[in-house]
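The chain that follows stands alone, in the form predicted alone, written as structure tokens.
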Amino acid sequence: MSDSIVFSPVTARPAPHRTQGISAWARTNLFSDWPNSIATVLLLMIFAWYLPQLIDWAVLKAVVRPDVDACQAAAHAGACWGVVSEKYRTILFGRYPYAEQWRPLAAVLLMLSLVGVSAVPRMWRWYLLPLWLAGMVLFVALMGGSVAGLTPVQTNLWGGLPLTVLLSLGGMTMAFPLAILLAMGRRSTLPVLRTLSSLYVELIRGVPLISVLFMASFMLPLFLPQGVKLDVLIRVLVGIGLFSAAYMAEIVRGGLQAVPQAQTEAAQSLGLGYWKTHGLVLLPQALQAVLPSLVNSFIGNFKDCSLVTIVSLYELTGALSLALGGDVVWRPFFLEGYLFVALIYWSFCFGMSRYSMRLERRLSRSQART
């Protein structure tokens, strides 16, 4: 008689760790190993030590109303947010005429609305380009005036947030198509085109942005024909666009090199020409691959616009210096003013970063479905 088979259950294994939620995120990013855990604990201890002092300075003992006597009486024991309440118009709009400051406010809201519309994938249609062109024309009309009964305002009076938005968006809009052409030129089989594209990229990347702005503002007028004048804002905008294009070109070229050669061969086997191969096959894949680097370049370009102060254009940081530099009473509270400007910069940069991550997830899901 055969031995009877006795059933013995397998010992239960522990449940797998959760891969979603706050606890899973903390375990992966903050407590993944012993060094990471120790660093996290130390940072939390430092944060717990300084957080009450920060809240005490920034909130509990802060002076919010524009009362310089109260700010001086606080003796920097509390933040003087009153300087922001007193000077926010100059910080946001620079030297723009006080009575007309509704115009730069409307111009900024218009551009931010266009950016918000462009961020919606279902709006990526052919009419988005003419919509942007109309928005840019309306922006310039609002800022410059001389149309529809608006009082003319010279560009040397433009400043603050509208100038930052104009330089960053205008520079990126100009740089992006030029960067694509330069990247394609550096990969071209034509020696002359490849050499010229490489020479441009290496030359521009070899000098700092300040030198480009200085050349555009002070040196370029010396080479213009007699009697020809080009507004300093236009010269600076073109300089920023040409400078940013050189850096973006290398990013796009890296994305094109990451696309397998089989994609090009497949497009050629279907009878697609050079431009259709790049426009329909190569560039969509390349831009998707380098999307984080492109957004990083956009963020850097947005912050680099603060350098235009060197040519007497007062964007956000320059407008802050303009607002407090000549005011002896409020000058001691520069820190609060810089924190206010830093918050504006952080809000824009953080928004671009989060949108980039969202777009990456959307594109990765669409690629997984294919």
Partner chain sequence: MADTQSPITPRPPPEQRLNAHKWRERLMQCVVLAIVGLVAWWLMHNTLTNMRARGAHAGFDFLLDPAGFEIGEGLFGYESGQPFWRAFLVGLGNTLRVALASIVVCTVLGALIGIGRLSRNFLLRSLCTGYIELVRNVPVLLQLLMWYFVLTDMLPTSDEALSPLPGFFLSKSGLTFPVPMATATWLYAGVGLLLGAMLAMLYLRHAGRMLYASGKQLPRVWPVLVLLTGGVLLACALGAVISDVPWAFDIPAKSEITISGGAAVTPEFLAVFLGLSTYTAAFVAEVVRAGVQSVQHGQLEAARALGLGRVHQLRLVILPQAMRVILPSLTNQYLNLTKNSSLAVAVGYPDLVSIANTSLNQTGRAFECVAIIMAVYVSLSLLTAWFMNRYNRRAALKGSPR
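Positions refer to the first chain, counted from 1. If you superpose the two forms and keep the largest set of C-alpha atoms that fall within 1.5 Å, you have the rigid core. A quick note: this is a predicted structure, and the numbers were derived from the prediction, not measured.
Below, we turn to the form predicted together with the partner chain, even though it does not appear here.
Participant: Could you confirm whether A148 comes within 4.5 Å of the partner chain in the model of the complex, counting heavy atoms only?
Facilitator: No, A148 sits far enough from the partner chain in the model of the complex that none of its heavy atoms falls within 4.5 Å.
Participant: Using a 4.5 angstroms cut-off on non-hydrogen atoms, would A289 count as touching the partner chain in the model of the complex?
Facilitator: Result no; A289 lies far from the partner chain in the model of the complex.
Participant: Although the partner isn't part of this model, could you tell me whether P66 comes within 4.5 Å of the partner chain in the model of the complex, counting any heavy atom of the residue?
Facilitator: Output for P66 is no: heavy atoms all beyond 4.5 Å of the partner chain.
Participant: So in the model of the complex, does F214 come within 4.5 Å of the partner chain, heavy atom to heavy atom?
Facilitator: So F214 counts as contacting the partner chain.
Participant: Work out which of L196, L110, L178, V117 lies within 4.5 Å of the partner chain in the model of the complex, going by heavy atoms.
Facilitator: Spelling it out, the residue with a heavy atom inside the cut-off is L196.
Participant: Using a 4.5 Å heavy atom cut-off, which residue among A99, L203, V137, A73 comes into contact with the partner chain in the model of the complex?
Facilitator: Selected option: L203.
Participant: Each of T40, V207 and R331 near the partner chain in the model of the complex, meaning some heavy atom within 4.5 Å?
Facilitator: Heavy-atom distance to the partner chain in the model of the complex: all three under 4.5 Å.
Participant: Out of 218 to 226, 249 to 257, 91 to 99, 137 to 145, where are the residues with a heavy atom within 4.5 Å of the partner chain in the model of the complex?
Facilitator: Of the options, only 218 to 226 has residues within 4.5 Å of the partner.
Participant: Which of the residues spanning 23 to 56 lie within 4.5 Å of the partner chain in the model of the complex, based on heavy atoms?
Facilitator: The stretch touches the partner through W25, T28, N29, L30, S32, D33, N36, A39, T40, L43, L44, F47.
Participant: 2 Å or more on the CA of S306 between the shown form and the other one, with the rigid core superposed, yes or no?
Facilitator: It does not reach a 2 Å shift.
Participant: Core-aligned, does S188 move its Cα 2 Å or more between the shown form and the other one?
Facilitator: No, the C-alpha moves less than 2 Å.
Participant: Would you say whether L237 is displaced between the shown form and the other one, judging by a C-alpha shift of 2 Å or more on the superposed rigid core?
Facilitator: Superposed on the core, L237 moves its C-alpha less than 2 Å between the shown form and the other one.
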